[in-house]
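Alright, here's a single protein chain in two forms, structure 1 and structure 2, each given by itself as structure tokens.
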Structure 1
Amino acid sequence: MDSDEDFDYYDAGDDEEDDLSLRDDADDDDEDEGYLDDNIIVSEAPHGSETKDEEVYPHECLSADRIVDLMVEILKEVNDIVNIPPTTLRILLAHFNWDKELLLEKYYEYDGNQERIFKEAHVVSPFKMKRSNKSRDVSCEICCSSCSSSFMTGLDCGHMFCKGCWSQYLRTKIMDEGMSQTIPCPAFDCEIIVDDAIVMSLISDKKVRLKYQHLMTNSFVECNSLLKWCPSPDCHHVIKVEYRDRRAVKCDCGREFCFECSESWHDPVLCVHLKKWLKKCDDDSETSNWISANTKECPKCQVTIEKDGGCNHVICRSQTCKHEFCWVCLGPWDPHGASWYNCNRYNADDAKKARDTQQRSREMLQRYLFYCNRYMNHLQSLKFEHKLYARVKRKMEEMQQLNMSWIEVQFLKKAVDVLCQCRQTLMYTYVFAFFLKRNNQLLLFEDNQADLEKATETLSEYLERDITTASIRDIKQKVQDKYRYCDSRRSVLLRHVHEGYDKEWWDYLD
């Protein structure tokens, strides 16, 4: 803990020692419960109340079965209030994105004119008189064969088709088009929606039924703003929250992600900026390096030009521009005359101006590359840390054979945990800074960032190298000190950013 006074925004450095040593015992005991509890402890620390990150964000991880139960619960709840058949109610709820309050509100707002609500949801009102379809033999409009009326069926809109065609129709809609909550009646221009009871009665194929149920759950989750699928591949869990927010949630499968945007948890940067950043990286990262090395922009229309021949008399190919300029000084070609082979007009005014514009646009690119490189570095390191976990595990076993207890060696795993957290936070701090204009708060932020980065790298070095050479007692002290320092610096940095969000310190670039 050397130079932290310079960087300390929250003045955490001084009381950190006591604070942390107080936690020491508790810390070791709870080790295997992960870092969630750690956050809670930090929030109890006397650092003030602006600790949004460290407040508990109540969420719950649901399995597929629990989702169905939840759906049934909502149906029941609403059905207790309004007396509508469950199949119709389900369509209504889907129409209102499973927002039961909104449904009830509308239902009573339209009091006396509830017909309208049913119409908007594309379902026939259950209070309407049913048409009697007890007619004789009829022909099915789809397969054009005549069947007995007992073999014909339809929705309340009265369009009747034979059961064979119905099941084929539903099969195509479910299997090929992936529809579930919004399958309409097969008749032309009829928008009445097929309810789940009919689907289940007409479809006997297990595969189709399963897919249908899966699609139903899926659309239930997608529609419901308090539910979100875990983004891990092949994880079928759903996270349920009490209220929607940009916060970290953790799935039972171990994946930690942002509830708002489903990306990996990206504190301190905002979802919008992260999205912009990821898109920019996808579009640009490789290309921009090449562009930077091989091209210049046309001084007039700024189109990017690659010179593929030796002559320095360049004519912009852009149809509307056709500007002629010198590749060397970027000034207009005219004053060069045909006889100049080498350009010696360095200080001509317009050439200078052209070079300035060029420089500005290159600076933008350089700036992006600066942030991108650092972001990528941490991303890369983070990917390598799983190797470190394996190595640390071996080391821990080794140490246990040297007469250390299981609890005593857990500090190593904890250290890698902290290292990964710090790398992840650092990674996103570069995205955060990329979108910001310079101001004093940003300078403070960058100091925090630099300090955390330096500490993180030292910790990483300890874990990578020294661990194999130094004596175990020594290293334990060193590593523990360092990871605690990193952890507290990380909290300081995040708190500063969050406070900035609350107090609107950050000026964004457009």
Structure 2
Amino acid sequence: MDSDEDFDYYDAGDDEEDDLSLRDDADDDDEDEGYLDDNIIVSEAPHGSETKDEEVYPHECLSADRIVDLMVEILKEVNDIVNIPPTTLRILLAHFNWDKELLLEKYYEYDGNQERIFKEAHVVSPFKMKRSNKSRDVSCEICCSSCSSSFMTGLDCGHMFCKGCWSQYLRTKIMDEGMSQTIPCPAFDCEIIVDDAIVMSLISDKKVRLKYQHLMTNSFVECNSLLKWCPSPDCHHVIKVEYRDRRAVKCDCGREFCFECSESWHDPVLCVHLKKWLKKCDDDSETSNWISANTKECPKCQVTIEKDGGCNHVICRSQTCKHEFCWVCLGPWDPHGASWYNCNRYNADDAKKARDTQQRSREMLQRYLFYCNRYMNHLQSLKFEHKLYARVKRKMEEMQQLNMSWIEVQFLKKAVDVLCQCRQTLMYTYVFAFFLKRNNQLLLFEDNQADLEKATETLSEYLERDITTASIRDIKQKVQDKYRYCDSRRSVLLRHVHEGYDKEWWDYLD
């Protein structure tokens, strides 16, 4: 074992209707994909010394069917307290973003005037006398055709439409406008919401029914602060937590992400800083920085100019300007005369300001490039390291043919897991450091960062160069010692950062 492993830079001390008509045509192909070795983000349960963010964060992965069950559970809980029909209750819950406590609070706050809560949710009170149409033939308010009452239907608001018009109306709202829980009555200026029982009874097209179900479940998940869709493409699972926090959660598909912002798990950087960083990397802000650092503006017309020759006598090429100035001090060229190179004679305030602005732009660009290059380097290395899983799998099979048990060869996969964890942590440490002002705690952080980076590179080298069957016993010891050390150093670094968050050690740049 390396001698540098002996010390730390930092040592931190009801009826059938209740079962939701949405359950019909539920997603049948929602299957767990299991663990995939070639996922970009691979992270097993934390081992070694645990940091604050690596403590157990209780969460579970829900399928589409389980989401519907959860909706039914909430409906039954509320219905046990207030005797409201399930279809009406669903609309009320949707109005209050499925916050049952808020719904009950408002319901009893309006005690004696419950009509108000139903009006606000755009639903007819179930305690109100329903309008009835006793005539045999009724005229559709859309197509104006006279139909038998058996071919007509409507909401409690009393507006009646033929089933054909209803079907076309609902199809348009669902497929073209993406509406589900807030589809209004087709009548002009009527805001009464169409309940899901009406929708499911009038829509026969399986594609439309499935889209409606997905929109309803998606709306339920988006409204609930304790639920979050897995961000992986084509994954239809939802993560449910007991309380909201910036913690890592892992979907059954293998994707690990931050529950707060849905980005790949980014410890130790905060969500707000990661968002700024990704925006900075994606937009054209750094193109503007490059322009600011490598070009200057004409002092007269502010046209951007790039110097392409050695002479500092610059003539603006704008047809309406033609201003002559010195590239060094940005002052007019005339005072320079024969001593054009002696710019210290020109000390006007505007020239000094221009030079200072230019220097700041260069420094900002260099600082950004420093951290961005190291961030991108670890990101690229992380992608390359995941190719090691295929090589390691083959090597583990070879070792088992040399009379080594399956358990004995697991150290190789464990080493790659730790290597990927360290790469991912190091990648985000540069984002973290980019937003910090320099102080003693940052210097300590950089020492921990450097030690982890050095150990990670050594482990990567072992796995890429030394996986041979010739001296497997020696290699096994070296790899085990190094990945344990890497894991320890990673925990030390993260503990320091989290303690800094708790004790407000970190000063951020404006």
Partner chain sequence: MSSIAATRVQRELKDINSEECSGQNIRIELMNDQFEHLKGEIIGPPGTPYQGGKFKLSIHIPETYPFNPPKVKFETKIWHPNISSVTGAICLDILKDQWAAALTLRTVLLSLQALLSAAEPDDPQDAVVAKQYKDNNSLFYKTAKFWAQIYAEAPGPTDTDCMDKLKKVTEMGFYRDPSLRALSSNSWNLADALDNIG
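By rigid core we mean the largest C-alpha set that fits within 1.5 Å across both forms. Counting starts at 1 with the first residue of structure 1 and goes up one by one along its sequence. In this text, all values refer to a predicted model and were calculated from it rather than measured experimentally.
- Note: the form predicted on its own is the second of the two, structure 2.
- With the core held fixed, the Cα of Cys190 is displaced between structures 1 and 2 by 2 Å or more.
- After superposition on the rigid core, displacement of the C-alpha of Trp327 between structures 1 and 2 amounts to 2 Å or more.
- Once both forms are fitted on their core, the CA shift for Asn440 between structures 1 and 2 remains under 2 Å.
- Summarising the core-aligned comparison between structures 1 and 2, the C-alpha atom of Phe151 is found to shift 3.1 Å.
- The rigid core superposition between structures 1 and 2 gives a CA shift for Cys316 of 7.0 Å.
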